[in-house]
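Shown next as structure tokens: one chain only, the form predicted on its own.
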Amino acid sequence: MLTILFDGMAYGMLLFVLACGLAVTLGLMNFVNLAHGAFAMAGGYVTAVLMNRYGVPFLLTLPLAFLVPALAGLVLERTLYKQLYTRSHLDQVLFSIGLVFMAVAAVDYTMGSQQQMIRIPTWLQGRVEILGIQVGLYRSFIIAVCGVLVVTLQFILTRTRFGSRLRAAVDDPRVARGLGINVSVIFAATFAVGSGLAGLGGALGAEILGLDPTFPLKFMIYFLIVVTVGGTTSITGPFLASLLLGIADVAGKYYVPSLGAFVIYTLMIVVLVLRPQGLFARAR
């Protein structure tokens, strides 16, 4: 039982890193970016290519798995996304879902449709027993990395000048500009960081979730469930929702494998019926 709980926490942490960029763009910037999974896929492929073709150690690929999607996100935000900030959510959905299909087709053409294999270092493989609990070393690594990210993000958003400027820019861009805040730069930096985090999540999750050109389509619904269940007004909500969904999904697949992913969908429906605004958001 405790081992399932631990694996569920690791899976939930991974879901959070994959989805937190979407939580930022959707919750804080009010932009529906369904192409978020494409940035996660980019991070996974950066790691796979560097490891399998150039023999770069796994840990050294992680910074690049963040930087490459962050740079791609910055370029796309400056050239395409910013044109849609004032458009309707339907326009944003149609645009971003189009980007997803373009990314899937491009990766399938250049990399092929087969699964990309990532071999993690031997010191991250296997399990150890701690107080009678079978603890996976790689899942422990994921929990540690994601824990640091959660604390860092929460600190930046709530305790720094950048975080206060971002909140001001989201609440009222016109007033924020009047106060001397460069809203455009704030949004560009936020979008780039969100894309980079998705890429890092894709790199960390490739060994557990698998990696192929359909990655953005397969996991798009998971990203949306995390943000929907947790609410879009803070980072804490999606984080706690990720843990809840991760534990429920792992426990469901262990105890009732015949139901598959149905457990997580059932949980989402129950939560949205009881709290349409999300578990950890206040009703407006």
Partner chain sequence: MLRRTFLGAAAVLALTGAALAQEPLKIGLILPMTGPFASTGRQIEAAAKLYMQQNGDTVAGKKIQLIVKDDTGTADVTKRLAQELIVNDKIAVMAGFGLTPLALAPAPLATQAKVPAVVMAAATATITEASPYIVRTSFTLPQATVPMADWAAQNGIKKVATLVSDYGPGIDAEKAFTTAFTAKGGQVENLRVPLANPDFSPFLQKVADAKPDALFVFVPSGIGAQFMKQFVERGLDKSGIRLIGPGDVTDDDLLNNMGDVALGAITTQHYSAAHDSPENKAFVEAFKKANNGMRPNFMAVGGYDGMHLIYEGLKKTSGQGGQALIDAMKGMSWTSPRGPVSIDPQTRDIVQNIYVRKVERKDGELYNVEFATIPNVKDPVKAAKSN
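Positions refer to the first chain, counted from 1. These numbers were taken from a predicted model, which means no experiment stands behind them.
As for the form predicted in complex with the partner chain, it is not shown, yet the points below apply to it.
Segment assignment from 178 to 186, 91 to 99, 165 to 173, 203 to 211: heavy atom within 4.5 Å of the partner chain in the predicted complex: Residues of 203 to 211 come within 4.5 Å of the partner.
Within 4.5 Å of the partner chain in the predicted complex, all of 78, 159 and 191 (non-hydrogen atom): Checked in the predicted complex: no contact with the partner chain for any of the three.
Does residue 257 reach the partner chain in the predicted complex, with heavy atoms at most 4.5 Å apart? Residue-level check for residue 257: yes, a contact with the partner chain.
Give a yes/no on whether residue 250 approaches the partner chain to within 4.5 Å in the predicted complex, heavy atoms considered. Taking the distances in the predicted complex, the answer for residue 250 is yes, it comes within 4.5 Å of the partner chain.
With the cut-off set at 4.5 Å between non-hydrogen atoms, does residue 58 touch the partner chain in the predicted complex? Output for residue 58 is no: heavy atoms all beyond 4.5 Å of the partner chain.
Even though the partner isn't displayed, in the predicted complex is residue 117 close enough to the partner chain, meaning a heavy atom within 4.5 Å? So residue 117 counts as contacting the partner chain.
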